[in-house]
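In structure tokens, the next block holds one chain alone, the form predicted on its own.
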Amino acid sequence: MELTVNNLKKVINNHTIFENINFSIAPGQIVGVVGRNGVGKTTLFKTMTGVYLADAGQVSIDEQPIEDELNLKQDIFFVDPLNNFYINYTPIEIAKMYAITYSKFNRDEFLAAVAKHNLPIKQRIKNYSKGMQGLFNVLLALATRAQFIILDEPFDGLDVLIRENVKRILINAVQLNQISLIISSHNLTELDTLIDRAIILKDTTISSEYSLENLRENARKIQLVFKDGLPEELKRYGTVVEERGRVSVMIFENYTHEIDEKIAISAPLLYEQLPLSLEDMFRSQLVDEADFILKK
């Protein structure tokens, strides 16, 4: 199965939240959706899953629009952590409801997984800690056996042990069942070790999309020091993400031999290649002038 988002658009109160959103997700892929606060990540997820009606475009699975095929809606699942209708119910009660709604939902396996992770099956979800709720949401999503699972800030509020447990559960599910995950998170360090691709939202649309494997092959993060400051010409080839006195840190998305020669000709006092992370690309793509002024 392949999920395709085609020219999706959403307008709320005459304000365009996003438009011209296009991407596809193949089986077994883990895709991160990244953007600044308020860019519309959660609204995108709600529109993809039918919580909000799209103003244009559509979401399809194997070229069939999910809005026309009710059975396909069982293959895309989204837990909204801020609007969970089931928080007043216990896992046992929730299992009964989801067994009716999702034909592939296995009630016994779900409750066994809940008990295995030491979550009280007779306690209402609203009485769980934030970390317990986050873990429960992941277990519930996987129990639906949907092909495409959307997770909005799944690591928010989780301590390091629960985070590692959640990541392990997700990776195992992808490897064993070839499901696909779409994840948004402000914890870019966690995403960096989990996702295959990153989709960056900016100014109501997708500004860029990266394969992390290709990114690490082609991009470079370089720390440079020049006697008289960073040459203006180099700024044409990359993005300055940090400046401390004469020290400049730049990210070059496509580092070429030409750029290498330009730097060499400029005779830096220091040239040092630094490890490149998803957070670096976030800063490269989304930092604005006001942010940069604050960092200086």
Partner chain sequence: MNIYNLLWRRYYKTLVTGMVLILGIFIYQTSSQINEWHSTNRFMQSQTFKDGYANDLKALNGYAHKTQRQRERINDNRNFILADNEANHPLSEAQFVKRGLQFFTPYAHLQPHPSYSYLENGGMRDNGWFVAEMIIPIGLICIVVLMSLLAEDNAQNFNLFLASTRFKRSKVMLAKMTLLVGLPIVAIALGYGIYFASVYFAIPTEYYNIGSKVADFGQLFNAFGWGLFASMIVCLSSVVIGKRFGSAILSTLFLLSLQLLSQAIAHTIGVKYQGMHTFNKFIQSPQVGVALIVVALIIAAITMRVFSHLSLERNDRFVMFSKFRWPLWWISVIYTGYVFFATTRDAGTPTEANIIVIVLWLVINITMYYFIFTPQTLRHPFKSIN
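Computed from a prediction, not measured in an experiment: that's the story for all the values here. Positions refer to the first chain, counted from 1.
Heads up, the form predicted together with its partner chain isn't pictured, but that's what we're talking about next.
Although the partner is absent here, K46 is a contact residue: one of its heavy atoms lies within 4.5 angstroms of its partner chain in the predicted complex. Not displayed here, its partner chain is approached by K96 to within 4.5 Å at the level of heavy atoms in the predicted complex. Among heavy atoms of A56, none comes within 4.5 Å of its partner chain in the predicted complex. When contacts are judged by a 4.5 Å heavy atom cut-off, K73 counts as touching its partner chain in the predicted complex. Here is the short version: of I259, L230, V240, V51, the single residue with a heavy atom within 4.5 Å of its partner chain in the predicted complex is V51. Residues placing heavy atoms within 4.5 Å of its partner chain in the predicted complex fall in a single listed stretch, namely 65 to 73, out of 261 to 269, 241 to 249, 65 to 73, 34 to 42. Looking at 3 to 35, the residues that come within 4.5 Å of its partner chain in the predicted complex, counting any heavy atom, are K10, V11, I12, N13.
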